[in-house]
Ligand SMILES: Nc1ncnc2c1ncn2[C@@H]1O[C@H](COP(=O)(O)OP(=O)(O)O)[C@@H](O)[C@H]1O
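Here's a solo chain for you in structure tokens, the form predicted alone.
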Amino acid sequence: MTSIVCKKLSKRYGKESLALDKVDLSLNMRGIFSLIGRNGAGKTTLFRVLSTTLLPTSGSATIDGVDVVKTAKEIRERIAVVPQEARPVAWMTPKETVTSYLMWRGFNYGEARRRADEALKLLGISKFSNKLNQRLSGGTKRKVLVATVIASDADIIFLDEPTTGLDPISRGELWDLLLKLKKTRFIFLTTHYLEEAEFLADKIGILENGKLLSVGTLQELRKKMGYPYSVKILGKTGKANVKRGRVVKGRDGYTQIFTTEEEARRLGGHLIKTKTRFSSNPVSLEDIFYYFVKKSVNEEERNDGPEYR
């Protein structure tokens, strides 16, 4: 089990830009924790603070009781990290990349080469082992970086949007590998692919404007939301006759209603009679995400709060 605790963690860039706003987070788990949020929500900032590559402005964060600022060296010996902006060295090969990384972590040359071969095979890129990184596709380069952390003995892995640039088949292959890895390791994963978080994560955190809106399993997030069904009315239809639920207006003109199963059925019957285009489904992570983010934005607008980037 891995414990991550953040208390009032904040990070400010310059005088105005608040990337993290008093984040409180408490995790004690094995498996995958996925942090989701829009571009600029603060995902990478929190990722970098926890992986000891960025100092917070205020607050604290610990991993298994070890402070990520005061005892960063101890944390770095336990974790393996693939940052979003990372690129493999152009004039090295994938095998050299993974081997050199493992030797830097303390493995001898023979063991490092053996582990490199295994990791590259797991990711399906063995045929590129001795090809220069600069000649590889963007997706294959990303796989090379993921191979470095998979090959290590690190029991805590940080992955910042690891499937960006991968084709659907490669993304699915990496998902299968992460599902296997999470049985014995803790993986902190940021992503803007909601289906990725829904498929992989044991717990999910929703970040918006530097604020952590909610954390929990998918089922726990559904309960926090309070409504198990979503009815989406397409196009501009005026007011919906909703007896129970929460109505959210989309910027492109649709209306989304989060409600109970009974109310969803009633609304569906009414919308069919009025020949209104709509969809009705159990609440997905996409629905949950939109619900919490829209609710947060509305609250800030009502409170005339500051605008964060």
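Nothing here was measured: the structure is a model prediction, and the numbers come from that model. Position 1 is the first residue in the sequence shown; the rest follow in order.
What comes next is about the form predicted together with this ligand, which is not displayed.
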query: So which of 255, 45, 259, 52 gets a non-hydrogen atom within 4.5 Å of this ligand in the model of the complex?
result: 45
statement: In this chain shown alone, the residue from 243, 38, 277, 249 with a heavy atom within 4.5 Å of this ligand in the model of the complex is 38
query: residue 288: heavy atom within 4.5 Å of this ligand in the model of the complex?
result: no
- prompt: Would residue 164 count as a contact of this ligand in the model of the complex, using a 4.5 angstroms cut-off between non-hydrogen atoms?
  reply: no
message: Within 4.5 Å, heavy atoms only: does residue 126 come near this ligand in the model of the complex?
response: no
field: 4.5 angstroms heavy atom contact with this ligand in the model of the complex for residue 84
entry: yes
- request: At a 4.5 angstroms cut-off on non-hydrogen atoms, which residues of 19-37 are near this ligand in the model of the complex? List them in order.
  value: 19
